[in-house]
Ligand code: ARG
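Taking the form predicted alone, here's one chain by itself in structure tokens.
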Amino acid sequence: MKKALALILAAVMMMALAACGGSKSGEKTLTVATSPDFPPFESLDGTKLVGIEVELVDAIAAKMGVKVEYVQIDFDSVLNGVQAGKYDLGMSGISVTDERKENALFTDPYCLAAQAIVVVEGSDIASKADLDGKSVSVQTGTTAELFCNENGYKVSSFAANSDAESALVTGKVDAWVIDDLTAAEMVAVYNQNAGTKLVILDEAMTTEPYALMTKKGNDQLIADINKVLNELVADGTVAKLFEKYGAPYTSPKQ
């Protein structure tokens, strides 16, 4: 009887450990889904995952005493996978919207971003108003896609931002809508070797906060992350990460 009881208790402990993503050492592991085509937030340097959000999540995990396992998938799959509970967290410059909050939980924002409008140099599109009746490319599952669809633009959606950029360059669309910091980096890289230049308009499409995302019900995880995240915002760590990657930082507190 004692032996049977011991086996049952051991099985229960193993099941509990597996349920919280624990390792053999008892250290918890967070699985983090990301789409690494979003510089400077996340991208690949060879096979290495780098970027502002990568270092931010690493810093949060270190302070929480947990390990991180990154899973690289398309952006739309990040949102759906996190909502379904396949991953503990999602990161890919995810904007907090009322619609997304119906199906997921978000940490406190760590920065403010904007949706930029990118056109080919010489385009007759000089402002947001000039997009009326025009076609735009966006990444699937993004707030750029949502906003453009809701406001009646002719939208072409692509799984990767690089394909959305190509649609503009090849004349398949009139403009490309993408988060401003990623637009700045991708446009700069493209313009280094291209004959036809790309231009980012001064007027933004929208302004929105970025945060990390988890499934409904993970309230304690959000509370634990927020405690550390707000410390990193307050002590200037987040601003320094933006500076490291050559990106301007706008605090979510303003």
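Since the structure is predicted, the reported quantities are computational estimates derived from the model, not experimental observations. Residues carry their position along the shown sequence, with the first being 1.
Another form exists, predicted in complex with arginine; not displayed. Remarks below refer to it.
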Considering non-hydrogen atoms and a 4.5 Å limit, which listed residue (Gln83, Ser77, Gln115, Ser156) is close to arginine in the predicted bound form?
Gln115
Taking the shortest heavy atom distance, is Gly93 within 4.5 Å of arginine in the predicted bound form?
yes
Quick check on Glu208: any heavy atom within 4.5 Å of arginine in the predicted bound form?
yes
is_contact(Thr142, arginine) in the predicted bound form, heavy atom dist at most 4.5 Å:
yes
Residue-level question: is Thr107 within 4.5 Å of arginine in the predicted bound form, judged on heavy atoms?
no
Heavy atom contact within 4.5 Å of arginine in the predicted bound form, the stretch among 208-216, 221-229, 189-197, 56-64
208-216
Contact check, 155-186 vs arginine in the predicted bound form, heavy atom within 4.5 Å, ordered by sequence, gives Asn161, Asp179
